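Given next, in C-alpha cells, is a single chain: the form predicted on its own.
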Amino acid sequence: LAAQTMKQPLEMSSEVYDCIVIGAGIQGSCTAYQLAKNKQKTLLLEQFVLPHSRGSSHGQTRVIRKTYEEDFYVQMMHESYELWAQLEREAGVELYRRTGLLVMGPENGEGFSRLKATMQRHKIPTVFLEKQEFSQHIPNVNLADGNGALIDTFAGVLYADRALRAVQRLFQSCGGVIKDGEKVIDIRPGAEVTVTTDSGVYRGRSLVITAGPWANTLLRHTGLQLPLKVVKINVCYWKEEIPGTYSVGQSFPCFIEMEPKEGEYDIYGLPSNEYPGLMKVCYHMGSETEPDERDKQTDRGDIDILVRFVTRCLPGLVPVPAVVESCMYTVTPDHNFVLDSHPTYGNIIIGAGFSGHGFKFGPIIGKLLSQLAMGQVPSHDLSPFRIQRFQSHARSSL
C-alpha cells in the first residue's frame, strides 16, 4: 500500500493470468466466473470501488423475459434461464421472482405481430388477452385503443444488485481475484496482453473488455472504435395512490408498452417491490452523455413522455415521479450486442453495446465470452453480434 500512496513506479505483477477481464458489471463478472469455473486463472479489474452505481448493472431489479421478436434472443434466453437457476442454487440466494410480463402494443403493428409469431413458434407459455377480458385480468391499467395485449407467463424480476454480488462471490470462491478501485490506463496487445492500471501492471494470455460506457475509451488503446452511443437513463419510481395497487404481492406483472411510431421507444415497468409503494416505470432511451460526466446531463424529455403515459394508462399512480435515479445504456446502431474477438488481436475479446437489455443475458453472455477467451467455438451463433456488421462505422483510431 505504501508503494501506491507514494506513487512509486508501478510494479509489474510477476504472475501471468490466463485471462484478465476489465469491468465488473454483470457481463464481466459472469465471464470471469465462467473462466474461473473452467480452471482459468482469472483477474477481474474494476475502476470503481465495489459496489458502485456509476455504470449499467446497479439497482435492485431488472426484467427477465423470453419475449423477443428475434429467434436468436429467444434461444439465448432459454439457456440463460437455466443458468440463472443454476446460479441461484450455487449461491443459495433467491435471484428471480416470477411475475409474468404484460406486453401491450399496436395490435396490427409490425413489431407486436412479429413478437406474437415468435412466441408461438418457440411455444413460450403465453396468454393472449382480448380487449374485453383485459380489465378483469389486469386491473388499474388502461389499454390504449388499437393495442393488443399478451402475457409471457414465465417472465419476472431479477434482483440485480443481489445477482451481481452473488456472481462475484462465486468467482472468488473458485479462486478468482477481484481488484476494484483500479482504473485501466493502458492496454498493450501481444501474445501476452499487458494491462496497466493506476495501481499496477498485469499480464494475461487473453483479455476480455466488458467496460460498458467506457468500452471505446479502452478500445482506443487497441486501435479500434465501435459505433457506441452512451445515454443516461432516468430511472423513475412513481407513488401508488393506494399502496399495494401495483405490487408484486398483488401479482401485478412487469410490463412493456411497445412504441406506436417509428423513432419512439418502449416504456417498461416493474411492480412495486424494492421501494414499497413505488412502482418503477421508465422510458427505454435517454439523452447522450459522457460516461464520466453523467450527472451533468439533466435532460428530462423522457420524463415528460412518462408523465403522459402514467396519466393515460396507470390511473392508480401519482403522475409525478417520486424518485429519479440514473443509469447508463451503451447503445449500438441496431440495438444488438457486440460479442466478438478484436479484428486485429484474436486474444482480445469484446462484450459491449448491451443497449439497455443485456442484464437478463448475463450468465449466457459470460459463457459465450469465456468460450471466445479460451479459444473455443461459441455454443450459440454469434453472427448477429459480430463487429464486421458495422464495417462502414468501425474505424481504426491509430
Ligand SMILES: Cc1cc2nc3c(=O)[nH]c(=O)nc-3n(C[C@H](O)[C@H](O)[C@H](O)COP(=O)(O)OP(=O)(O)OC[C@H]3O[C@@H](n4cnc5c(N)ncnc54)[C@H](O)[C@@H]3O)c2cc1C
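The numbering used is simple: start at 1 and walk along the sequence shown. Keep in mind it's a predicted model, so treat the numbers as computed, not measured.
Keep in mind that the form predicted in complex with the ligand is not shown, yet the notes after this line are about it.
- Heavy atoms within 4.5 Å of the ligand in the predicted bound form belong, among the stretches 175-183, 138-146, 241-249, 271-279, to residues of 175-183.
- Contact here is defined as any heavy atom lying within 4.5 Å of the ligand in the predicted bound form, and by that definition not a single one of 19, 367 and 378 is a contact residue.
- Contact with the ligand in the predicted bound form, judged by any heavy atom within 4.5 Å, is made by just one of 56, 371, 332, 40: 56.
- Among the residues 104, 166, 233, 313, the one placing a heavy atom within 4.5 Å of the ligand in the predicted bound form is 233.
- Taking non-hydrogen atoms only, residue 207 never approaches the ligand to within 4.5 angstroms in the predicted bound form.
- Taking non-hydrogen atoms only, residue 76 never approaches the ligand to within 4.5 angstroms in the predicted bound form.
- Heavy atoms of residue 63 reach within 4.5 Å of the ligand in the predicted bound form, making it an interface residue.
- The closest non-hydrogen atom of residue 218 lies within 4.5 Å of the ligand in the predicted bound form.
- Along 326-355, residues 327, 328, 329, 354 each place a heavy atom within 4.5 Å of the ligand in the predicted bound form.
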